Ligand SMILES: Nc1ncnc2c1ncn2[C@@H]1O[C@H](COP(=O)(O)OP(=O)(O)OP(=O)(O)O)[C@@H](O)[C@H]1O
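Below you'll find only one chain, the form predicted on its own, shown as structure tokens.
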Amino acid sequence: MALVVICGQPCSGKSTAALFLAEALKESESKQTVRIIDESSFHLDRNQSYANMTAEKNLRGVLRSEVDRSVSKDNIIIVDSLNSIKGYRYELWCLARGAGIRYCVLYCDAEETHCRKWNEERREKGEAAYDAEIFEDLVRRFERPDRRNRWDSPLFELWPHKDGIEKSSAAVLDAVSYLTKKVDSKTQDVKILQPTIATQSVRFSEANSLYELDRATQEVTNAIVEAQSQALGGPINGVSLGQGLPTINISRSVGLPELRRLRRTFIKLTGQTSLSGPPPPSDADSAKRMFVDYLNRELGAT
């Protein structure tokens, strides 16, 4: 039914706002099904998740993937994270548009000095807090939402230091009203995003790529199993997949359970990477090359 993006500086009260919004939605007359998606849902440490650009990119990919699986016309999804990159908020907006649901941003607008103080207080109490260096980096790179951008609109703003955050806060109540209001032909102040041919084509393309990836990796696995069976337990000097494709350089016997585990991990990693980077390979040969390179690294081949 809707996707809500919580946005703000680190330690600006986002998780508190998410909880109050979820409670207010559940208590509304519409009795909505609400789910919060955040780092703690995946037991991710905030400092490790933002330790470098690769870790941060992987975090965004994990959250985006979960949002993509969860959005529907039957529930409200709240994304409780920094969501500080405008390009990433655009990606989330595209997911809402692809699902044909409502979308809004709830922004915790707090001064850096207050956020820094709250982070230090958490550290002193032994609560989850950002390391000083990571905190300063996140503050510096924060991209403030702008209601003129379609992916930042409608924008509901909270001022935690000045007004606090309550279930009765004006921004929370306004967001609840927007998310639960019944829509008819006369409604003009609630916008339900509509899928476009472009978003539908992207989803079809990604699904086709993942199908090719699944099929190609299974063929590689079958080739390894076949080669090992023909060797009758003897040494294997490599498994060839055909002209133009790399050789699988394994010199030891690899059991089917291990191959299946490596295959599942590879597909998962490739899918997550494609969320914030290039899409999965759309042809079998490219998928096979990637999987062989991964196997050669994981199996310790030289």
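Numbering starts at 1 and follows the sequence shown. Values in this document were obtained by computation on a predicted structure and should not be read as measured data.
The same protein also exists as the form predicted together with the named molecule; that form is not shown, yet it is the one meant from here on.
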**Prompt:** in the predicted bound form, which of 146-154, 89-97, 126-134, 219-227 comes within 4.5 Å of the named molecule (heavy atoms)?
**Reply:** 126-134
**Message:** So, Arg122 and the named molecule: in the predicted bound form, are they within 4.5 Å at any heavy atom pair?
**Reply:** yes
**Message:** Taking any heavy atom pair closer than or equal to 4.5 Å as contact, tell me whether Trp118 reaches the named molecule in the predicted bound form.
**Reply:** yes
**Request:** With heavy atoms only and a cut-off of 4.5 Å, decide whether Lys14 touches the named molecule in the predicted bound form.
**Result:** yes
**Message:** Just checking whether Leu82 would be counted as a contact of the named molecule in the predicted bound form - the rule being heavy atoms within 4.5 angstroms.
**Reply:** yes
**Prompt:** Taking the named molecule in the predicted bound form as the reference, which of Arg263, Arg64, Lys57, Arg46 has a non-hydrogen atom within 4.5 Å?
**Reply:** Arg46
**Asked** Out of Ala175, Ile165, Val71, Leu213, which one falls within 4.5 Å of the named molecule in the predicted bound form, going by heavy atoms?
**Response** Ile165
